[in-house]
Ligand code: ASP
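The chain below stands alone and is given in structure tokens; this is the form predicted on its own.
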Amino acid sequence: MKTILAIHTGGTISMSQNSEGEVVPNATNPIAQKQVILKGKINLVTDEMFNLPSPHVTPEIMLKIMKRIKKAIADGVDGVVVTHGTDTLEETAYFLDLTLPNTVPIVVTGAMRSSNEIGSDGLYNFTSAISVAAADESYGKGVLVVMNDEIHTARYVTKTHTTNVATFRTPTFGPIGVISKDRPYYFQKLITGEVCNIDQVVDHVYLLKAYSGMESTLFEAIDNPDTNGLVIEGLGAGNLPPQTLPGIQKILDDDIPIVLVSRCYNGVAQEIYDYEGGGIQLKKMGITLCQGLNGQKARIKLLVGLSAGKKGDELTKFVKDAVS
């Protein structure tokens, strides 16, 4: 019989709808209290670690979850399920993917409907996640996100709809597998990546989104001694309005690493265009173009790299490719 650790952290999956129709946190997690149909094959150990709406989750909270999972792995657990609010679920999942050894299955799940709403998906997703975490086929797949009968890699999955139960999608590549009758089926292989062993997280790593007519004002505000890094969601294939360049150059001159991704839903940032503010110029200036990650994921990767003490070429190599 396999032992699966369920770490509950809060979010909609742990909330209920009140008489006014407002979704609010409960004193205790209703999912943790319900009996999950495990068919006598799984020993489920529960840890109600946090009870936080996901906008309250910080990298420091992610670090605590990671350390709890490491302890569980050392104690011989066969798999881990983390329940989490969906707003920042993809960031926590990717943080865990970057910082935990690729040994036992680790699955993150949540819900789009609270526990007492009609069509609540929380208990179903939780049960599916347990099935995935307990399956032999799930070993060596990295951290997985299970929602709505689909299995996604933490690296590429993102929330795409504010309320739809099918909100989690993997642009370009699609899910790595599906769930049918409590059993996972995998159709893609995971590209392995580097894992960073960290015991603390740096702060003041920022994310800005580029827009038409953007100037240097926000970059000038970020350029201060406390800033450790910046990710920019650039235009198109990785370009920026020329008015931003003076502020960006000043940040680079102050040895603050800048990572550029595209604000587009699909595709990668590349040095294609050779004009003022184009990707070719940005790369020559010293900006790292990260391929394949969205802004929030690139920020997590930059933050983890900095927390691991990486700098210069080592940090650039770690951040630039989504497969590293």
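Owing to the predicted nature of the structure, the values given are computational and were not obtained by experimental measurement. Residues carry their position along the shown sequence, with the first being 1.
From this point on, the text means the form predicted together with the named molecule, which you will not see here.
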Task: Heavy atom contact within 4.5 Å of the named molecule in the predicted complex, the stretch among 67-75, 84-92, 247-255, 227-235 - done: 84-92
Open item on the list: Give me the residue from 112, 80, 98, 240 that has a heavy atom within 4.5 Å of the named molecule in the predicted complex.
Closed with: 112
Open item on the list: Which residue, 30, 295, 278, 53, is the contact with the named molecule in the predicted complex, using a 4.5 Å heavy atom cutoff?
Closed with: 53
- [ ] With heavy atoms only and a cut-off of 4.5 Å, decide whether residue 307 touches the named molecule in the predicted complex.
- [x] no
- [ ] Would you check, heavy atoms only and a 4.5 Å threshold, whether residue 15 touches the named molecule in the predicted complex?
- [x] yes
